[in-house]
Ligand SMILES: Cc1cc2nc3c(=O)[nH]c(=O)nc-3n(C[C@H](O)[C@H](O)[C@H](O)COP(=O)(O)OP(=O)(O)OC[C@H]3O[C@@H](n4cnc5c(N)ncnc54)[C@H](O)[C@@H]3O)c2cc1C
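Form predicted on its own, single chain, as structure tokens, below.
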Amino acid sequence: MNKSYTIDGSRDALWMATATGPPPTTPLDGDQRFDVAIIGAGLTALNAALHLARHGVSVGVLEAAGLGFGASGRSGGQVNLGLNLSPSQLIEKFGPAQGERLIDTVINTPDHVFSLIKEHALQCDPVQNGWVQGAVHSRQLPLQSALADEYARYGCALEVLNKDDLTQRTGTNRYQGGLFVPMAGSLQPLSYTRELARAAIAHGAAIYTQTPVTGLHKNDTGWLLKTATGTVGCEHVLVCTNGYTGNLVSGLAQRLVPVRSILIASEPLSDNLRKTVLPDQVTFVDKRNLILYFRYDRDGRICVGDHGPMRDEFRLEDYTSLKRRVLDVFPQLESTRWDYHWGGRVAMTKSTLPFLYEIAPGLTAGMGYNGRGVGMGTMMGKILAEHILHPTDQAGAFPVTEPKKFALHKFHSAGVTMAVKWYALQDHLASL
């Protein structure tokens, strides 16, 4: 592979080479009507479709590309606690009642994902061996300990690791300690997406791929979605496009900033190397502004992710810094061959939280996972479905809010690039 090689963030992903085959789908052809139409066919959309279909609701899903084209088929596949904010921060932001419902959602996210996989026999290489967050410097250890104490008050036991504990679980001595989340894990995200589609279809949902929605408007019978090959009429529309949100719904894209994450995967590691690199088969992330995250796939490849450049096509040299960072953590990988390079968009919000946003009566969006989309995207799908099934329930698992827009959103690429440089400087100074 020469230096100027252009990398497609979807086609060149490891997951494309190892995924379970997709169920048969076709583009929309003609005019259809459903109770609910869902725009996008990622994890949120497919979980919503599955949940609705199981409750007897007719559902049509319209995907602009193929199943798992976006983040659902490109991510690192880590299944973590649902949100980035701590329990106390959620209580402060939303009050005791809603805050505690959100804390419950956060805690139950990993088990919900793995229970769903078991219930529907989804073939997606699930591993629930836990998640480790490594403290880069000792000043982070009290913060991690305090977070474990907060979760303990809600019946969730996280384990605080000292330096020796972390080295034993991960095989690296580069961290001062850390936090272990036992219910977390990983899966093959593209397989998970395709298998969710299979389950949704089996329960009666219709899924149309290669069918971008080109128009959306309200009429006397609800909503009408236009495509190049037909229309879909419905009472409710769910918009689940996340980091690939365009201008179909006015003002929605301005409530998200898509940043790029890049990933690499090695050749299958030898048994001896696997004894020294994440020997417990945990997923691993370090605690800094620009995080580095690791996991194994089913064949013993180590998969690593980092931030990337603000464009959708990558070049081989974009991965040079990531490979250097890997060797700083695991120098024993010096001679390892890296076989796969890929990446995609992560949707960030101003609040650092996802949003459930009722844009208009019958038109609802759920997205913005800030790097925790496998778990929270799964949960949000169910939450969106429940929002339709029980519209008068004011005590839902997630609050209905109007997310804030990013000022000067059209310049977000330059803004993210500057922010990455600032975070990199902060991380460097913090390590001194």
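None of the values given here were measured: they were computed from a predicted structure. Position 1 is the first residue in the sequence shown; the rest follow in order.
One more form of this protein should be noted, the form predicted together with this ligand, which is absent from this view; the next part is about it.
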Can you work out whether Gly60 and this ligand are in contact in the predicted complex, taking contact to mean some heavy atom pair no more than 4.5 Å apart? no
Do Ala41 and this ligand come within 4.5 Å of each other in the predicted complex, heavy atoms counted? yes
With heavy atoms only and a cut-off of 4.5 Å, decide whether Ile388 touches this ligand in the predicted complex. no
Interface membership of Gly178, this ligand in the predicted complex, 4.5 Å heavy atom rule: no
Check for me whether this ligand, as it appears in the predicted complex, comes within 4.5 angstroms of all of Ser10, Thr25 and Arg194 - heavy atoms only. no
Of Ser261, Ser266, Thr349, Gln128, which residue is found within 4.5 angstroms of this ligand in the predicted complex when only non-hydrogen atoms are counted? Ser261
So this ligand isn't shown here. In the predicted complex, which residue out of Leu190, Leu166, Cys240, Val232 has a non-hydrogen atom within 4.5 Å of it? Cys240
Heavy atom contact within 4.5 Å of this ligand in the predicted complex, the stretch among 396-404, 29-37, 371-379, 48-56: 371-379
Could you list the residues in 69-108 that come within 4.5 Å of this ligand in the predicted complex, counting only heavy atoms and keeping sequence order? Phe69, Gly70, Ala71, Ser72, Arg74, Ser75, Gly76, Gly77, Gln78
